[in-house]
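In the block that follows, a single chain appears as structure tokens, in the form predicted alone.
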């Protein structure tokens, strides 16, 4: 008899499982995949390069509680992410900063007068009702078309004007030469990889693991008191109101006989090619090798669910499932699939910590 059946072995489910186990609860973690870790699963490929099998994951947070919790299970490679965008035949920093503007326009702005450039190009009086409006109100039409329009269409399969404004609400505009993609206080990648970190989180006498197992194949076979469900909420309810739409990603991994392939870890391609970006893993793992592996990402409507599509009609559909969920006394939904929201890794962990520590789940 288990106190909890945790469905899903990603960061959300594993965090819940660990905290519950430390409270003396017996927990079974079940996942339909053949490995632990969910989308943060990483492994060494045949060329000995540590890759992130489901795309690049760089951990960053301002939440000390989350950083301290995960630091119990890993040391960190203190990496700070930098990204370039290939536009107009040049690789320039993204988010847009002082150097981006000067490289594109041949200007010599500095931190004292760059605000004049933004004031000149932005459409600050524009009514913001969608993702397109949001960007243009911050950086103007031309920079929107150079950096955001094509990338957004590739990533979401929709015009930016057909997406909620929240999609681009947090796009930063830099008035300095700071070219870090994230500015959080804590940044890094687990020194021995995410899979090793997850292994240590699951290493508790009160935790059992069942892989290659679909939840619905065992829900009536195993005895448990409560469920924490991190899978798709519409799947739990047999899609009774229809499927919640997601965007997925197709990954194309390539290894080269060279030390490095590109000048930074990630290069975005908003206007060229069919892929959205290329990432080179050695930059954020710190691994030394005379070979290097990259991954190209192609956004698609088929495959594993990665990104909930932020549109009003999708939120309304999710609310129907949420109302069904609230009727259940012994099931809690969490994670980006259970809550139908995109969340960075630190928020996924924080939500799980709050669920257990809040006591409602107990």
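Keep in mind that this is a model prediction, so the values were computed, not measured. Numbering follows the first chain given and starts at 1.
FYI, the form predicted together with ligand UDP isn't displayed, but the following is about it.
Asks: Consider the chain as shown here, without its partner, and state which of 155, 271, 208, 130 has a heavy atom within 4.5 Å of ligand UDP in the predicted bound form.
Replies: Flagged contact: 155.
Asks: Considering ligand UDP in the predicted bound form, which of 285, 279, 100, 168 comes within 4.5 Å of it through any heavy atom?
Replies: Of 285, 279, 100, 168, the residue with a heavy atom within 4.5 Å of ligand UDP in the predicted bound form is 168.
Asks: Does ligand UDP get within 4.5 angstroms of any non-hydrogen atom of residue 181 in the predicted bound form?
Replies: Contact check for residue 181: yes, within 4.5 Å of ligand UDP in the predicted bound form.
Asks: Would residue 307 sit within 4.5 Å of ligand UDP in the predicted bound form, counting heavy atoms only?
Replies: The answer is yes: residue 307 has a heavy atom within 4.5 Å of ligand UDP.
Asks: Would you check, heavy atoms only and a 4.5 Å threshold, whether residue 94 touches ligand UDP in the predicted bound form?
Replies: Looking in the predicted bound form, residue contacts with ligand UDP include residue 94, since a heavy atom lies within 4.5 Å.
Asks: Which of these stretches, 160-168, 107-115, 255-263, 69-77, has heavy atoms within 4.5 Å of ligand UDP in the predicted bound form?
Replies: Stretch 160-168 is the one.
Asks: Check each residue of 114-153 against ligand UDP in the predicted bound form and list those with a heavy atom within 4.5 Å, in sequence order.
Replies: If the 4.5 Å heavy-atom criterion is applied to ligand UDP in the predicted bound form, 114-153 yields 147, 148, 151, 152.
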